[in-house]
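Alright, two takes on the same chain below, each alone as structure tokens: structure 1 and structure 2.
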Structure 1
Amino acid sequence: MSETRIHVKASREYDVVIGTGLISRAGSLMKEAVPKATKILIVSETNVAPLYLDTVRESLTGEGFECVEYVFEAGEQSKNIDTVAGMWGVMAKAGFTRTDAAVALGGGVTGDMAGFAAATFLRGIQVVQIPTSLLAQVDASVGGKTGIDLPEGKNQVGAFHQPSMVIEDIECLGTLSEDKFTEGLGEVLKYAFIMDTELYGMLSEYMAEGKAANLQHDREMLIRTVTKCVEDKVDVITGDEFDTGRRQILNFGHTIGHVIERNSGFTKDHGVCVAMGMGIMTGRSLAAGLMDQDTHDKIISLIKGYGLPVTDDITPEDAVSGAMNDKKKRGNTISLILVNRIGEAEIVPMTPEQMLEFLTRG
């Protein structure tokens, strides 16, 4: 048992606790995070609940919390208002008051919905995130974005609602499918490229030692890696909590990645599409003379080395028209994130014509 803490100074201050054996200490961590709560709603889903819900419940009841549960069908298709309404109903029936709290136990889908249910129930109760997927540990659980999908598009309804604590138990990553783990690495590599030369160095050295394929079961390396990613995310969101400025650099690979993801009817995983987006942008930056060959080669080889693709057959025209429909677009310009050197990202607003030129010239 060990733990690292990262303190987040947002509109609510909280700790991200990273380590092993934390799930079984959820109760005492919750006592610290939400000391006034007596009732806790544990939100989980059908894949994660059989693995971890008993441990979390036992730990919480052991500390005197009264627990109610809401377990929904795993998967993005559940990320809708009906599922959130189910959570509201359970809390209302159990007589929750504003000092009670919710816990999200699962991947990003669980975290987004439990966070949104907490943001809206009684106009806001506290939520503690226990992310169990790599993507949720390095990205979704930190930063306070919560929400649901509409038939018209992903994440169309939501709220900013910071958690009261994020509990990241690295051991949970051991039960993820290999595909889901690899997908999460897309976001991990993103932090290395946009802002973290130290993380880049760690991951490239690890790859050079021939260990990349073992990362999922190397707890020590995972703790170091996840910790670096969370520190990076916290660094970016501090000062730009509501996503109007620097936070946009987290979109490296995402503008084109989102289009690939949507055009596949969401059959391709998000992190895999982000990897393709980063690969394509890297190739285009080289062609435009904005990146040197060595940087290009290093980025491409790290993405491939961790089992992710670097390209897709999307046409530049489709990429531009898809990007024009992105919800993150502001006005008529598309903010592309360019990495010029490893660890340095730049936000470059482009018109559709400029983006098309960037994707085709050279």
Structure 2
Amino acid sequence: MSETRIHVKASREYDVVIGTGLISRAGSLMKEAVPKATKILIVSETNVAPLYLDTVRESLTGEGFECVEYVFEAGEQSKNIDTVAGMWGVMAKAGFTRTDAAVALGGGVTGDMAGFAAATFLRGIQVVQIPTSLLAQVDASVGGKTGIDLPEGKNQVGAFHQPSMVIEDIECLGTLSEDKFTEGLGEVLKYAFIMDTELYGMLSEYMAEGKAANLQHDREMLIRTVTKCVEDKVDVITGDEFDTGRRQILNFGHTIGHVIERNSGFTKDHGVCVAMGMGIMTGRSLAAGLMDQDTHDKIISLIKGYGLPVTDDITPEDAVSGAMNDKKKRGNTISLILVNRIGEAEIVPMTPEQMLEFLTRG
């Protein structure tokens, strides 16, 4: 067993613990993170619970915690107020107090909903994130964004609620399906493009060596990759916890990606839609003369090289219409994230008319 700790300085300070064998140590880590808690709600979903719920429960009860559980049907379709209300009901019946805590055991959907339930129950209890997917480990579990979807858009209701600890066991990534692992690479590549030339170089070299398809089972490379991404996200949120400035660069590929995801009825995975969004924005930047051909080709090559798509049949009109329902909209403008050089991202506010012109130019 080994671990790396990254400290997050936010409205609540906490550690992101990255390593192997951490699931079986959940109890002792929880004792460290929420020492005043006596009752724990373990939130999980139908794909993850059979793999890890027993281990986490035994570890928690072994440390003296009283545990209750809420397991929902896996998938973005469950990310709604009814599911969160079920969590509230379990905690209310169990007599939770404000010193008790929730544990999010699963991917990004689990983390978002358990975090939102914790943020709102008794006006706020603590939550510990135990992300089991690549997407959640590198992105969703860190930074305190929680929420649910509405029919009108993704993550339309939510709250900022920082966790008390994030426990990232790299061994969990080995149990993911190939599709679910590849999805998470959309968020990994995002960090390389918007801010991290070292990560870009590392992933490019790995791909050039013909190893991209082996990444899921390369523990050493996974630890390096996940650690780099978490360090990048922590760097961004430390200076902009509430997403009013630089944190918006983390949305590269997301504005159009969220529309693609919603229009599919959430049948297309989030990370896949982000990759499509990044590919579309890269093509549009080239057409607008904001990016040179070499940068365009490097971005597209890396996305494809790690098994992700770079386009979708969404029309510019549908992209603009959907983006205007995005939670990041400010008045009549939406902030698009453009990458003109690898490692540098720009926040560009556009009106619907300007966005439509950008997407149709060339």
Ligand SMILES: NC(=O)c1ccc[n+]([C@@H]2O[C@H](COP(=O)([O-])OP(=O)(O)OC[C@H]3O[C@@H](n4cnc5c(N)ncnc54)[C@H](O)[C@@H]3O)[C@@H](O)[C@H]2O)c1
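By convention here, residues take numbers in order along the sequence of structure 1, the first being 1. By rigid core we mean the largest C-alpha set that fits within 1.5 Å across both forms. None of the values given here were measured: they were computed from a predicted structure.
Chemist: Quick one, which of these two is the form predicted on its own?
Modeler: Structure 2, not 1.
Chemist: With both forms fit on the core, has Gly257 moved 2 Å or more by CA between structure 1 and structure 2?
Modeler: Where the cores coincide, Gly257 still shows a C-alpha shift between structure 1 and structure 2 that is 2 Å or more.
Chemist: Is Arg284 one of the residues whose C-alpha moves 2 Å or more between structure 1 and structure 2 after the core fit?
Modeler: Yes, the C-alpha position differs by at least 2 Å between structure 1 and structure 2.
Chemist: Answer yes if the Cα of Val310 shifts by 2 angstroms or more between structure 1 and structure 2 on a rigid-core superposition, and no otherwise.
Modeler: Shift of 2 Å or more: yes.
Chemist: What's the distance in angstrom the Cα of Met355 travels between structure 1 and structure 2, core superposed?
Modeler: That residue's C-alpha sits 3.6 Å away in the other form.
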